[in-house]
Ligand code: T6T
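A single chain comes next, written as structure tokens; it is the form predicted alone.
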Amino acid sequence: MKRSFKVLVVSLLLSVLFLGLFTVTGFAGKKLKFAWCPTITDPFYFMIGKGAKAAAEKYGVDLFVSEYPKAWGPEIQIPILKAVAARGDIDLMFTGPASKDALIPVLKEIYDMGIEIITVDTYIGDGDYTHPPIDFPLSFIGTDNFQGGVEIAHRLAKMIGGKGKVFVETTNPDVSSVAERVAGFKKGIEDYPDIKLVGVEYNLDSQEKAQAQVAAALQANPDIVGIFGTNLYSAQGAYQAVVNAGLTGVVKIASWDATVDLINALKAGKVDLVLAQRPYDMGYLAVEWGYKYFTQNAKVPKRINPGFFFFTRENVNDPEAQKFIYK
């Protein structure tokens, strides 16, 4: 009787141990496999990939990286996402949706296949994943773009003495990140009654188109004194148009994304302010939180903001600032 009781106790303990192992890992020892699906070929997305790789190495996650598309758009991104999902071995996919609306059904379809979803840099819907119908992604990990736009407005206003005409060069109206930057900038500029926003143009991620649009804006409004370029291509096109017009230093340029090119342009006086996001942290956090979700049953925050940093000519050479450059 005693022996039978001991056997029963041992069996129960082993069952609890096994159940605990299965609950914690969710895969009973299977190595996790995450997929990083970048949205375009640019330094920002390469930095996300670097952060993801570092976290994957730390936590023992197998990281699959899809191709880096040469152009931006849901029509390019969707086939890549579907092909990655069709592999059948992915536990979690993280990506930057190229459209806040067009990517909803495909990411939901992938989620319904049993693949967890994290969006980085950009989101789907309104970005609030806490309520239906878009509550299936684990998290959105990205910059507070609206607040960044507000702060850009305040800093640019200071540079132009709180008065004059300003112009915004941006990319796509249906991409969450840049839409929030423009909205934040407009909100910030409202605090300055002597500053007039004379236009917002969309270049669809074409530096050449951005340059042409800014050149046209300068011709139509020769008294523009400030320009906000909402991403790499917008800012590069903007400062080149200003250089070509011989207005370097006269027209102040605030830019978004700390690429090597924009940092060099800042040092050369072609750009006056650069907001650096933290893409490395976005990639790292996506893998880290995914790992915690699967192995620790962690409750993942529905929104994670890694923060941002401002480069000026006064701090651009500071040793501590170098980690924020997209190298």
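Source: prediction; values computed, not measured. Residue indices: 1-based, along the sequence shown.
Omitted from view is the form predicted together with ligand T6T, to which the following refers.
Can you work out whether ligand T6T is within 4.5 angstroms of a heavy atom in all three of Tyr45, Asp121 and Leu232 in the predicted bound form? Per the other structure, all of Tyr45, Asp121 and Leu232 touch ligand T6T.
Heavy atoms within 4.5 Å of ligand T6T in the predicted bound form: which stretch among 173-181, 237-245, 212-220, 80-88? Stretch 173-181 is the one.
Using heavy atoms only and a 4.5 Å cut-off, determine which of Trp256, Phe167, Phe185, Phe94 is in contact with ligand T6T in the predicted bound form. The residue in contact is Trp256.
Check each of Tyr202, Trp72, Tyr192, Phe140 and return the one that places a heavy atom within 4.5 angstroms of ligand T6T in the predicted bound form. Selected residue: Trp72.
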